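Below you'll find only one chain, the form predicted alone, shown as structure tokens.
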Amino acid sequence: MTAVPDRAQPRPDAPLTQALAADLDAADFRSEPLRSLWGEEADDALGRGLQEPVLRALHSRDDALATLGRLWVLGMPQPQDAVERALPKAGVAGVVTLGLARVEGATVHPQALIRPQSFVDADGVGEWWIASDLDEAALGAALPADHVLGVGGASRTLAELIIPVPVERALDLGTGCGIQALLVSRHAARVVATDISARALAYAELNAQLNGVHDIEFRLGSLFEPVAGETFDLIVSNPPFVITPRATDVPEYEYRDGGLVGDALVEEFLRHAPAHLAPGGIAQLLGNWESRADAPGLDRVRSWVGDDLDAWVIQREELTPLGYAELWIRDGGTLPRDAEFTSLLSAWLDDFAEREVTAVGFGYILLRRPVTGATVLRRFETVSQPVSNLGRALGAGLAAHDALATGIPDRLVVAQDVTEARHHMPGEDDPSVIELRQGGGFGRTIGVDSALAGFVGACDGELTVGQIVAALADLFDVPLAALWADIEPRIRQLVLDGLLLPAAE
């Protein structure tokens, strides 16, 4: 395996980062201009790890955008004079001081990646510049243990999950490059960002400066140690949840490995987070959990959450121990052709076998500390279908749960994204299957009978729930009490799932 070259430590410096931000802005160093620079096909190929199409598109261009694209998007050395022209305010000396580049002879070598990251939230569309460590392609080697990851798929997933409501105090636990802290700062008055890695905190602080965000406080430490005795209205975390063998010669990557056995890190978070939630406060995180011979994964997660807390846990996928091990060995840059691959695979499989692990689940966890006397939500489910706008969907689900605490709303309407599908056997007039389909959010498909389908079809906000059920009892010639006993819990579930909404008053 190729040795990793010496790397600089990021060194946040507000005046220099402001100068660098001005240079990036002047070069139009943003997602769309870069995509236009080298073309959509080359940009898509870059997302798959292929650099050659981008290099061919840039060819001999030496303008500021092309130079900075090669230097910090691709992580390629560039001529010093070209970099000086591209950075008239910060200069090469400035980015060397920030730990983002080094100079050898007449060549500037990148010490970090800087990539534009677009986002969309309740306040609109925006973009951050995010600095992180050089990736495998730029290093030409496997990642070092203290690698600071940029914005990956997990980061984007968590960002989509966050319920978009204003809060006073927020905590980003395990901030990494700082992307979640930056996003949360858009609707939080104050943000505390913590990490066990000093290198990650340096990048996070540099990124906050680079993007002109000043209301984030950075603290070093493990889990909740840096915020002992404090409470927050929102806690977000993309923790280092990857299950890694505690065996010799298995790399312990700080960005993904919390240093505990199995899924103990997620358990620790769930057991300690409630003490740091203000009344009504919410914690949201990603995690892995093990299914074992004696207990399914979701049951194990349920046992970690106190009965006095709202809990909504969504398992998105499960992998076999072999599939999980291969995924994360490859993630560290070791491929099956490498000599180390077999020994790493054996270490992972031995570790899983010791705990009788049968599968590893991945998903989303939401906790909420209810206000005094509120009914507790307990929802543990597997959702494998495509989903969208989950932050809003989760927020709507919590609001529906709260509304149902005092009974089903008097008048209901069908959500705008709900459609009905009826399936008939050939020659039959009556449908054999009736389904309600949700177009957004969790994209649920729910089978209903004729009575419930008739109820939903009549929910236009004009008739009350009682009036609709009474009419259906007459139509189907069944006792009203019997129909209500059958249909009431299913109406509640449709409200909880967002297919039925309280009618506007």
Ligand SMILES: C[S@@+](CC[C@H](N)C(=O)[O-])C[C@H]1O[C@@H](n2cnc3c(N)ncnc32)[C@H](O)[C@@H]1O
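Quick caveat, the model's predicted, so the values are computed rather than measured. Residue indices: 1-based, along the sequence shown.
One more form of this protein should be noted, the form predicted in complex with this ligand, which is absent from this view; the next part is about it.
Undergrad: State yes only if every one of P77, T97 and Q111 has a non-hydrogen atom within 4.5 Å of this ligand in the predicted complex; otherwise state no.
TA: Not one of the three qualifies.
Undergrad: Report whether the minimum heavy atom distance between A193 and this ligand in the predicted complex is within 4.5 Å.
TA: No.
Undergrad: Does any part of D263 reach within 4.5 Å of this ligand in the predicted complex? Heavy atoms only, please.
TA: No, D263 is distant from the partner.
Undergrad: Given that the partner is absent here, does W348 sit within 4.5 Å of this ligand in the predicted complex, heavy atoms only?
TA: So W348 does not count as contacting this ligand.
Undergrad: Answer yes if any heavy atom of T175 is within 4.5 Å of a heavy atom of this ligand in the predicted complex; otherwise answer no.
TA: Judged by the heavy-atom cut-off of 4.5 Å, T175 is in contact with this ligand in the predicted complex.
Undergrad: Can you work out which of L412, A283, I179, A90 has a heavy atom no more than 4.5 Å from this ligand in the predicted complex?
TA: Spelling it out, the residue with a heavy atom inside the cut-off is I179.
Undergrad: This ligand isn't shown here, but in the predicted complex which of Y324, Y255, W72, Y364 has a heavy atom within 4.5 Å of it?
TA: Checking each option against this ligand in the predicted complex, the one that comes within 4.5 Å is Y255.
Undergrad: Based on heavy atom distances of 4.5 Å or less, which listed stretch (270 to 278, 350 to 358, 222 to 230, 365 to 373) is in contact with this ligand in the predicted complex?
TA: Contact criterion met by 222 to 230 only.
Undergrad: Scan 226 to 257 and write down, in order along the chain, each residue with a heavy atom lying within 4.5 Å of this ligand in the predicted complex.
TA: Going through 226 to 257 in order - heavy atoms within 4.5 Å of this ligand in the predicted complex - the hits are N238, P239, P240, E254, Y255.
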